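Just one chain is shown here, as structure tokens, and it is the form predicted on its own.
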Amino acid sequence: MSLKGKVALVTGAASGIGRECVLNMAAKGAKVVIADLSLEKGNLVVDEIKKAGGEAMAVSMDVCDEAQVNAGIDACVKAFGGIDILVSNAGIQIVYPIEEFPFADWKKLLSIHLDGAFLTTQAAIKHMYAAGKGGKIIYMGSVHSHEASKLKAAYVTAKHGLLGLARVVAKEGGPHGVSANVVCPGFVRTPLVEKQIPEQAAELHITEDEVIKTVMLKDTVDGTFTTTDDIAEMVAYLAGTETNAITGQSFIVSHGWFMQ
């Protein structure tokens, strides 16, 4: 397994899991592109990677905007000569009981998770096909790609949808040497999850500590949050493995919360 000389673009890469993924892949020799809504924050990650001796660039990208997605991936190809790895990671969380879920928020969440995954896949896979070297497409799913939780109708729907997209991409991309897989984290204590704790406490009428113990970590084997490093290592493995036998699969990283 090697990432040396590979070109990887990660969406939502200025913070959280995405940031850890680009830092880890850069440390393993990949040239990385930080695609994020905030170019300023993306450039901070670039500076960090360059100080460590790696190669990186940042692009401003709203994953729901087709023109921005195409421009960002074209910029990656122009700067680094191609794209070998796409990590579709950008996402948000919105929680409501289903009877109160605003339709506008439903559409916003699905657009970021599913439209974003589709648009970045479409833009990247064209370059992968044209280069004839294959490629790795990795979607950031969730335990909620397999399991449901209260208050998360849109998120659970979106994360289930990524499994379907990955399986189609695996079948279509296979003859071109392009694999597609889904990484499914358990609860990772990122800003996205931190925001959910008081929201769920309010909706469920329990304390924040009870949200952590009885909702988020209740079904883990050790009562422990998954870490960004755990996820970054799984992503790096899938990005760097030479085999295309691993495709159309989901990989659950959750301290045993969900066992497949």
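Don't overthink the numbering: it's just position in the shown sequence, from 1. Note that this is a predicted model, so its numbers are computed, not measured.
This protein has a second form, the form predicted in complex with a small molecule, left out of what is shown; the following refers to that one.
Residues with any non-hydrogen atom within 4.5 angstroms of the small molecule in the predicted bound form fall in just one of 169 to 177, 140 to 148, 122 to 130, 94 to 102: 140 to 148.
Contact annotation: of the candidates 64, 44, 204, 197, the single residue with a non-hydrogen atom within 4.5 angstroms of the small molecule in the predicted bound form is 64. Site annotation in the predicted bound form: the residue of 77, 90, 156, 165 reaching within 4.5 Å of the small molecule with a heavy atom is 90. Contact check for residue 191: a heavy atom falls within 4.5 Å of the small molecule in the predicted bound form. Contact annotation for residue 118: none of its heavy atoms lies within 4.5 Å of the small molecule in the predicted bound form. Although the partner is absent here, residue 9 sits far enough away that none of its heavy atoms falls within 4.5 Å of the small molecule in the predicted bound form.
Among residues of the shown chain, residue 113 is one whose heavy atoms approach the small molecule to within 4.5 Å in the predicted bound form.
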